[in-house]
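Form predicted alone, single chain, as structure tokens, below.
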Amino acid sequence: MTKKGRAIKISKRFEVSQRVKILRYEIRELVPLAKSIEKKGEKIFWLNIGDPLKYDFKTPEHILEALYYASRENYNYYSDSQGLLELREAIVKKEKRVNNIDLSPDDIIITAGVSEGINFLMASLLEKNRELLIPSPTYPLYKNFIRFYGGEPKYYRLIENNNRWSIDLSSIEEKINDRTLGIVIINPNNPTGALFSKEDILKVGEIAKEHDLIIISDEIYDRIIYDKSFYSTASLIKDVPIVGLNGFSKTYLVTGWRLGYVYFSNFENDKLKDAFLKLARNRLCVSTPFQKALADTINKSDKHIFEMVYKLKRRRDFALKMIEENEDIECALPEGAFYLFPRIKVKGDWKNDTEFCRKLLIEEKVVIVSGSGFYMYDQNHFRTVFLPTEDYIQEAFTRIFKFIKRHKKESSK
């Protein structure tokens, strides 16, 4: 638009690239509609985005102080593209202390969140006729960037059974062919909240070894766990190349700082890491003062993590109790992260799960995400967070239950 508000005619030759049209991120798809409703004075119940800081969680004071001192001490320059050495050294200590993984600082690359790590990894690995196995349901950036760089996503199933999610190992094996490069594991899982067993991870490792594949293990929620122990993939598997993805956004309550990391474990050569570093150099570096602040704090105190997990467990159990008392939906127990992935047990007058979520927003002012937004193989699921207070959860879920009851078909009653 010009200053006077007149549209400028663009040449017919101008067209956005086809690769951008591939991209879809349904977690934020309904946000513009929700904002427009909010502007009319309606209260919106936000259950779509996994950001604790949007609710009543705060960045720990000692981390904020470390950021202040980092900037005062002139950590305001371009840092190494691989990442500040102090932070990589701190990550080595953290991964050994928390996950029993042996790394060196040279194995680690700092990224602008796990999202950039996924982007760089897919850019380094993929082109036409190359495939990666990813779970269904999955975090959407995996599918997006695989397709963006010309590769092909192949989905293996996560299955609900006995109130928990597990990996369908036969589904992995049947999808492997001579174009397959690797297997993606998201553990703890987004969107289901699943915490995969040591046995499942070891079996994935056996499959990867047999077929000469790498494993990509996304562990951003490694410390937000409730009922069982978390087993990092690289702590269990020593004979398969593993790319680990992790970060600080969730556990250290610094989502807006956009800091993550990738590490390379069990790699005999550095081809993939070198390709990754080429991309890192072309974006220069990630924020230096934020890196320094985390380097100085991630191994000092875990008090805020224990407090956060305690609070989240109470909210998870509160939400699950509400679901258990409703006849129209059910939900497997999330053992990690802060998501619920309920299944709608009844048929309704909505065409699919996407329309279900849109109509719910319009009528009840609750924002959730459809299961198909995570490439779920059925259209009966949706994802919510259990980050808000119990009063907030109660009001939002009461509205969801009312909506389902109002719209379900008679034959479902």
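Start at 1 with the first residue shown and count on from there. Please read all numbers here as calculations on a predicted model, not as lab measurements.
If you look for the form predicted in complex with a small molecule, you will not find it shown, but the lines that follow are about it.
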query	finding
Contact segment among 164-172, 324-332, 123-131, 243-251, judged by heavy atoms lying within 4.5 Å of the small molecule in the predicted complex	243-251
4.5 angstroms heavy atom contact with the small molecule in the predicted complex for residue 115	yes
Residue 94: touches the small molecule in the predicted complex, heavy atom cutoff 4.5 angstroms	no
Close approach of residue 109 to the small molecule in the predicted complex, 4.5 Å, heavy atom	no
Touches the small molecule in the predicted complex: residue 143 (any heavy atom, 4.5 Å)	no
Heavy atom within 4.5 Å of the small molecule in the predicted complex - the one residue of 341, 290, 196, 221 that qualifies	221
Heavy atom within 4.5 Å of the small molecule in the predicted complex - the one residue of 149, 155, 75, 139 that qualifies	139
